[in-house]
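The data below hold one chain only, encoded as structure tokens and taken in the form predicted alone.
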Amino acid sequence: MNARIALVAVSLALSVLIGLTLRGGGDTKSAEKRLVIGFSMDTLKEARWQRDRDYFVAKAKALGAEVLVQSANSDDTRQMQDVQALLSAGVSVLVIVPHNGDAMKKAVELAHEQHVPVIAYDRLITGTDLDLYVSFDPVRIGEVQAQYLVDHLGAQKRIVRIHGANTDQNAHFMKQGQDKVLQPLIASKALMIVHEDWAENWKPEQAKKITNAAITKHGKTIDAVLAANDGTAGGAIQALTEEGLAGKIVVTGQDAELVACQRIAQGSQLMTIYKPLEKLAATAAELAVKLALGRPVVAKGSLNNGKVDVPAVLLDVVVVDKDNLKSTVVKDGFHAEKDVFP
């Protein structure tokens, strides 16, 4: 591995700031002549990931870097082939959005054999000596979702939980955050989880099946669906619509996708989590360039990936509901008002 990680402590008058400094190695002069970033993405099927790609490429280009993008269509074997192709192309740094965080540990090892640092983008790669993780705080997202749901439920609190992909470490971190809010209420019997399951590959059709199964088993006594993201929320709402329950059941989400914002405006989805993707992509691109050029990077946080505490740059998120659609996603230009409120 060509990244050296060291703890950096800076004493302040009233507090101590502890950061993690990383430094990329390699031939700096060569990298400066042709700085190439490899961006291995799980998928580009969802509009959200297309935005990530476009923002990342634009920022990297502004910093003088070329980006080679590969999309694996949610296939672990293909993503490993993509990584090998990017490494063969001579990239200076590798940025990975893993389909399966565990499967991609081999990709990190291959990159380190070639002295190429690796950044996990928005999804953690587990079980390996990863250089850096850049994301929104997934534990915090889970906490915010669960707390918002609890705050907007009435006396009856029978909940269906739809988790993200079991292969995505972020889905587990989100569950961890949700559990912080829900477990005390479950223990006191103030709340009941009547059905829960993992949605394979975050697919809406899987979320629909989970919701259908919950309705088949428990009838129309469900009060809420704690859906991990907007895609799974959409699948759940499709099932609820078929039963005449859409708009009567609290449904959460994440990603502030256009269709989700439309559902919020119309009343079938209660909330979503807005993650300013341009900020995430720009931050990741800046850090990738620094690592490639051997410049220091300071990460104030960390997340354990099962092997090491990975230095992490974690950005904050915004809760979006019907009351602040215009002052968040519309104001920021993330979605046009005419599209959110057709």
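Just so it is clear, the structure is predicted and the values come from calculations on it, not from any experiment. Numbering starts at 1 and runs along the sequence shown.
Here the subject shifts to the form predicted together with a small molecule, a form of this protein not shown in this document.
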> Okay, which stretch from 209 to 217, 116 to 124, 88 to 96, 238 to 246 lines the small molecule in the model of the complex, with non-hydrogen atoms inside 4.5 Å?
Replying inline: 116 to 124
>> Just to confirm, with a 4.5 Å cut-off on non-hydrogen atoms, which of 178, 170, 128, 100 contacts the small molecule in the model of the complex?
In response: 170
> Any of the heavy atoms of residue 46 lying within 4.5 Å of the small molecule in the model of the complex?
Replying inline: yes
>> Quick check on residue 275: any heavy atom within 4.5 Å of the small molecule in the model of the complex?
In response: yes
> residue 174 near the small molecule in the model of the complex, any heavy atom under 4.5 Å?
Replying inline: yes
>> Against the small molecule in the model of the complex, would residue 269 count as a contact residue? Criterion: heavy atoms within 4.5 Å.
In response: no
